[in-house]
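Taking the form predicted alone, here's one chain by itself in structure tokens.
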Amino acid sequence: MPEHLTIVDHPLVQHKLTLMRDKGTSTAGFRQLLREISHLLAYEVTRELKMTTRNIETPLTELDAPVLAGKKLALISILRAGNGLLDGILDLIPSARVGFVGLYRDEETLQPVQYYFKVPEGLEDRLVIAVDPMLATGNSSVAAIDLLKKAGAKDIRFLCLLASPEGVAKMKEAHPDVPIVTASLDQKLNEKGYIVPGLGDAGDRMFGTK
């Protein structure tokens, strides 16, 4: 397994992912499962956050207790499907700054086309976590990370639900300094650039669109 890739094999993650893969799972069920699984993935992607201490008083004594250090981290949703992961992570880190990268895939070329970009200031001083459920061809993910680096981001992590070997390789080639955290490394891409076995189009399944 590539060094820059972390697969979260926790039993709850894998169980919920199986339910999400099932084509019989409803839109509401899919959305709820995505929110739940994002909590568990967020636990892994934030494992090495920098810490400091703050003096507090418990009901019994005074204590120098651990707290997060530095500026609040930035969560960047790659629209539109990224919002499903974003919502769940914000449950755990409600004070995080939030940005959005709007990219859609040209179905002819499979290349990303940018239509929106709005991110917090001071990315160079923040841990930046980019979220998108699917790392498929890697084209959109690479383009999003390109934009974040141009905006000043230096410490970036990429969080996805599923990844393809092709997407992981593409990201490593373009951005070897960006660790990837995912729930599964699937088998391959099909001729249309979809992950197999995958779970279909995450955005369509989350929002009930076709």
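So that there is no doubt, residue numbering starts at 1 and follows the sequence shown. Computed from a predicted structure; not experimentally measured.
The same protein has a further form, the form predicted together with a small molecule, not shown here; the description that follows concerns it.
Chemist: At 4.5 Å between heavy atoms, is Met20 in contact with the small molecule in the model of the complex?
Modeler: Heavy-atom contact with the small molecule at 4.5 Å: absent for Met20.
Chemist: Residue-level contact is defined here as any heavy atom of the residue lying within 4.5 Å of the small molecule in the model of the complex; does Ile78 satisfy this criterion?
Modeler: No, Ile78 is distant from the partner.
Chemist: Using a 4.5 angstroms cut-off on non-hydrogen atoms, would Leu85 count as touching the small molecule in the model of the complex?
Modeler: Close contact is absent here: in the model of the complex, Leu85 is far from the small molecule, nothing within 4.5 Å, heavy atoms only.
Chemist: Examine Ala136 and determine whether its closest non-hydrogen atom to the small molecule in the model of the complex is within 4.5 angstroms.
Modeler: Yes.
Chemist: Can you tell me which of 113 to 121, 91 to 99, 70 to 78, 128 to 136 lies within 4.5 Å of the small molecule in the model of the complex, counting heavy atoms only?
Modeler: Careful reading of the contacts points to 128 to 136.
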